[in-house]
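For reference, the chain that follows is the form predicted alone, supplied as structure tokens.
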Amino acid sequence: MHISLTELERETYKKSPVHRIDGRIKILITLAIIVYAVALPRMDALNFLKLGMLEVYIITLMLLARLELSYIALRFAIALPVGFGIAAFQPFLKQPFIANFTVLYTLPMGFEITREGMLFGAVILAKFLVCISAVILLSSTTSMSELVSSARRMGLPKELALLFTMMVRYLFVFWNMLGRIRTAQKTRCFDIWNKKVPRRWTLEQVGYTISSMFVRSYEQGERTYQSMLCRGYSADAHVYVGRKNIGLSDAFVLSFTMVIIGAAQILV
């Protein structure tokens, strides 16, 4: 299934209890889950139970947010190869923090699969799944502009806030620009996977497309900067962020998340 950038952003405008949570609370929840998952011991079988509790909690929030399973599955499919790739090498490596290794299988060319390496790789994969799930939940229920505004309310420096604001504002502009270029190429029967044309010519056309995007980005940035100067922008300019109070429901969700993390640490 092909999902465009605008369709991914459209998912964040659904109406649900999770979507209505303040962006600052969702950022804090995501950071708390990631920090806790990463801080768990590297070689402990109990990690799977602790991470399992967090994963069940995150999946429950996804269901409450009424996120489409196809979108979630696609986002997982994009990120999982990285985690699987890292974890798959661990059984063959001997980490310096492990004193003794139990060799399970000996492969040709001197490669050995160790029990400790398999455990370490499984722990890495479990941590990766929990962290990616938290990030997917945050990005699927919070729009890009709300993320920037929430981060600014939390004390993000104004220079970074301005940078992220401009990136969010013009990301879709350049996406549409790229779409027009690709449409023009299709009307001229250009197909990057066409095996009937020389591969070198295809790569040249892709290079022309990339260079065209760079040139258009530079021109758009120059026009935008000149417009900002005409409207009074300077180095001392501030990004306006409206005030927004944290409600009792938001504080309850944050507290409940901390209780879940504490329960995973104490009870397991």
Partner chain sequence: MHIPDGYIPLGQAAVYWLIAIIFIARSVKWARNDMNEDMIPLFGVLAAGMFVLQTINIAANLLIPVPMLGGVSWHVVGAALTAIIFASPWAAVLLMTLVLAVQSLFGDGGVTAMGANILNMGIIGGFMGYYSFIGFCKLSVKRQVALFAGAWLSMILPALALAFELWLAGTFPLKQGVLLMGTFQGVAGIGEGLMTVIVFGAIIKARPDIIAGDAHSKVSTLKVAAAGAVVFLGLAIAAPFLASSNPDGLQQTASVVIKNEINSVIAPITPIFPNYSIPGMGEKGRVAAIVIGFAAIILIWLGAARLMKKV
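Numbering follows the first chain given and starts at 1. In this text the structure is predicted, and so the values were computed from the model without any measurement.
Separately, the form predicted in complex with the partner chain exists; it is not shown, and the next lines address it.
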{"property": "Close approach of residue 41 to the partner chain in the predicted complex, 4.5 Å, heavy atom", "result": "no"}
{"property": "4.5 angstroms heavy atom contact with the partner chain in the predicted complex for residue 199", "result": "yes"}
{"property": "Any non-hydrogen atom of residue 90 within 4.5 angstroms of the partner chain in the predicted complex", "result": "yes"}
{"property": "4.5 Å heavy atom contact, residue 106 to the partner chain in the predicted complex", "result": "no"}
{"property": "Whether 160, 182 and 222 all lie within 4.5 angstroms of the partner chain in the predicted complex by heavy atom", "result": "yes"}
{"property": "The partner chain: the contacting residue among 49, 56, 69, 31 in the predicted complex [heavy atom, 4.5 Å]", "result": "31"}
{"property": "Within 4.5 Å of the partner chain in the predicted complex: residues from 116-130 (heavy atom criterion)", "result": "120, 124, 127, 128"}
